[in-house]
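In structure tokens, the next block holds one chain alone, the form predicted alone.
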């Protein structure tokens, strides 16, 4: 039911992006959030939320987020309320914007419990790029590698064996902004969404940092010019 509801939101343009397209991220692979001057690509993060809800949320929770937090991705209060209303919580009631993201039933895959994704980008070396590499790293095991029962091969995962199967595939979701939903694009978008969830203030923090650098550079210039003027007058 949740997937049908979310598909209808996508079809209706509820999560329409604000200008980013597949080629912006994948040719070559880059993330707008990279670097000290980076900022969250809101269009990609909105698409990444669609991937999370449609594919990842059945196993992975995000207990640090409330539905109201999605307004920071550019969604209106009405859109957020609509998303929350389509989610039935464990107590049988519909979620509200003030509800935390619905937590999935506790499952175990080969003895491994799916981790919470709220701050997964901050917890993994390589951050955003690791998430992308992991989600696109599934494939056949190399010759001589025997997989453990219930495990899949993933070249990006330490040791190569992971209890999680490959969950992304082409057109796993339908993007309302017209972006082609390839496996690589879905992986890039959900990586950007998880980057935002791990550091919702990233864009603001980097913007403040840039202003601070400019301000202090201005002060240095003023100080140098003032010093030169003082010494010139004394001379």
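Numbering follows the first chain given and starts at 1. Everything numeric here is computed off the predicted structure, so don't read it as measured data.
Not on display, but discussed next: the form predicted in complex with a small molecule.
- Note on the partner interface in the predicted bound form: the residue among 141, 164, 87, 80 having a heavy atom within 4.5 angstroms of the small molecule is 164.
- The listed set 62, 40, 70, 56 contains one residue whose heavy atoms approach the small molecule in the predicted bound form to within 4.5 Å, identified as 56.
- Using a 4.5 angstroms threshold between heavy atoms, residue 115 counts as touching the small molecule in the predicted bound form.
- Mapping the unseen interface onto this chain, residue 194 counts among the residues with a heavy atom inside 4.5 Å of the small molecule in the predicted bound form.
- The small molecule is not drawn, but in the predicted bound form it has a heavy atom within 4.5 Å of residue 130.
- Using a 4.5 angstroms threshold between heavy atoms, residue 109 counts as touching the small molecule in the predicted bound form.
- Each of 120, 124 and 157 is positioned with at least one heavy atom within 4.5 Å of the small molecule in the predicted bound form.
- In summary, the region of this chain contacting the small molecule in the predicted bound form, judged by heavy atoms within 4.5 Å and restricted to 177-185, 164-172, 32-40, 62-70, corresponds to 164-172.
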